[in-house]
Every structure is written in C-alpha cells, then in structure tokens.
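First, one chain by itself in structure tokens, the form predicted on its own.
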Amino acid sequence: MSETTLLQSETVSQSLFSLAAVSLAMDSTALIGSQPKLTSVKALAEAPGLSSLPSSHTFPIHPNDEQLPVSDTNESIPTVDFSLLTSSNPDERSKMIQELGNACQDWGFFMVTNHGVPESLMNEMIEACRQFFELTEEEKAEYEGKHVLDPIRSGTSFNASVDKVLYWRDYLKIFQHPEFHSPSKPPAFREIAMEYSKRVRQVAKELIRGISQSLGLEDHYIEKAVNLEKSLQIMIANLYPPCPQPELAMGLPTHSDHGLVTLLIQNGIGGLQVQHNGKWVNVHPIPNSFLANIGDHVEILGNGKYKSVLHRAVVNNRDVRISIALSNGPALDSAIAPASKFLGDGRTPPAYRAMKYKEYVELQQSNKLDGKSCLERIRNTRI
C-alpha cells in the first residue's frame, strides 16, 4: 500500500471516529444494559470534529428571559466586609449589618471580603475539583447518584431524567454537613474539602446571624429556627467546558437557590448573570472574595421582606469555567415557616406555608430547574 493510500486511510479513519463521537454526543446517551448512560459535557466538548451544538443541548430562550437585556454597564454588586461584620466594635458591626440588610433587600447578592479563609485553600479546592472532572468517565461513573439526597452525585445537566434540553454543564454534588462525605479520587480531595467546607460554614454562620439581625430578629433567631447545628451543607462543583455555539446553549437556566446562603468561588472565568432591575447583570467577583446570595428560605423566614434572586450561568467558546458553590441550608428535618414577628400577632397571613427542608430540596432537585417555581408551590395564594 502506498504512503498516499495509507494517509488517506488514516484520514478516513479519523473522520469516521470524529463522526461517531459527534453522533454519540448528538444522541447524548449510550445504553448500558437497560439504563441510559449520559455522555458528559466534557467528553462531548472534547469530541473531535464537534463544530456545532448538538440539538440535545440547544436551549430554547424562555419568553421572560428573552425580554430582559444584558446590562451594558459595569454595575457592581454590594460588598460586605466580613471583618467589620464580626468586629468587636459595636458601631462597626451595626453599620455593616445595615449594609448587609441593604444588600439583601436591593440585590440578594453581595461580595464577601476579608473573610479569613486562606486564598491558597480556595485555590486548592478549585484545583481538587478540576482534578475530579479530569478523571475518566468510568471513574466518575462510580459516583452517579440514584436519588437527589444521595450524599455524593456526579452527573451532567441539572436533572437529566426530566430536562428536555441538556445544559452545558457537568457537576459534582457532595454533602459536607452534618455528615461529611467525599469521593476517594483524587486522593487529596477529602482533606481539602473537609477544611474548606468547615471554614466556609463559619463564614456562613456569621452571615446568617447578621441577616437575622438585619431583619429585626435576634442574631441567633434563624440559627435556632432552622437548627443550624445540623444544617445541610452541600458542595456543588460545576464544570462548564468551552462551547462551540455558546449563544445557543445554557450552563444553568434561570433559578433561585434553596437554603439560606450560598457562597461561591470560581477559577477566574466569568459566566454568572444576576437579574437586577429588569436586566441581566454580569458578575465579576473581586479576587479572594466569596460571591454570596440569599436563598429561598431567607425569603420564607422573612415572609418576603428579602427575596431570593434569579440568576443563571452562561457559557463561552474559549475557556473552561469551574465554579464551586457551598449551599448552607436548614437541617433536613426542620419545617421552615415565616417568623412570627412578620405575622403581626396573626393579623398578617404567612406568605408561605411551612414545609420541611428535606421535602423542599427533593421537590426542587427532582424537577426541572425553572425560575422560582418551587417557592411558588408553597406560596399562600389567598393573600
């Protein structure tokens, strides 16, 4: 066989391989026994010959989102100086609690600076998550969860069993508290995650105390009402690979977070957008800061005084984005309802009915991610 024929044969083989990879990606599933096995977005993005977005991942724009423009100004979200929030100087602390309350009421999102968590630890956590996503598909498959309350779940999209269109995102979700869990790979993950989640939990606890006071409640009110000692803390690591047609894809759709406070870090690549004053605002975190947002259960406890804010993740065609969110919520068996302070001795009806946190998490995580639809299900419509 001539050298030219050999080269042509290799080219044909490579082309067939590329077509097969893209075909697999287009189907998004490969059957293992009777169970569909989803192709990760990472594998899909790295498939040779992928130049356009598979139909399985082409995201239809929601009518309400389509009407909202992306802000063309560099609006900056509020900043909370954690060192002043925890200051022994009552005037400094009082001033920062007021600023925290304003941030919750006006934005629902804020940067947390001077928080005391070492930047080196934050970077190590991002690197450990990157190494997890670099594991083989078979290794990651060991951590496929069967139920939304499984303590370790690795997968793609949000809830692939109900998502009509798959999101351009792979994830790892791990319960960190009240019981600590960790994948066994990569080897350093466990030690880093344990220290990181513990440090972040302390930051979250102080923020929750500040939020409690800013609502006019005692500083420990929320802590006691939700049994924070047994709080559910979940680490959600997100991988958003480069996308061939980012304008047609979505990393995560418009949604609010369950829980009390979510604290997020990322690898320096943007992608988070927050809804504010009728526009989508691109968030550009300050280095060595946490991006914090209040969750649905702060809205419930305050009977709607503070609102959990809609946000989404968009993707790009150049860079891999990794974000790590630590969701800090009530204890799973705590039933969360509006604080009596906001009900005026029964004169003001509760805006939300009580529901156990476990049931709320199962409700949100078992359905498709759709705005604040989960919160709407427990809203008191008779008001």
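One-based numbering along the sequence shown. Note that the structure is a prediction, hence the values are computed from the model and not measured.
Absent from the display: the form predicted together with N-oxalylglycine. The rest refers to it.
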- Could you tell me if H57 has a non-hydrogen atom within 4.5 Å of N-oxalylglycine in the predicted bound form? no
- Are any of the heavy atoms in I336 no more than 4.5 Å from a heavy atom of N-oxalylglycine in the predicted bound form? no
- Item | Contact test in the predicted bound form: H255 vs N-oxalylglycine, heavy atoms, 4.5 Å | yes
- So in the predicted bound form, does any heavy atom of A128 sit within 4.5 Å of N-oxalylglycine? no
- Note on the structure: Exactly one listed stretch (44 to 52, 328 to 336, 349 to 357, 311 to 319) reaches within 4.5 angstroms of N-oxalylglycine in the predicted bound form by non-hydrogen atoms, and it is 311 to 319
- N-oxalylglycine: the contacting residue among L135, L248, I152, I236 in the predicted bound form [heavy atom, 4.5 Å]: I236
- Message: Please identify the residue among L215, C243, A193, L272 with any heavy atom within 4.5 Å of N-oxalylglycine in the predicted bound form.
- Response: L272
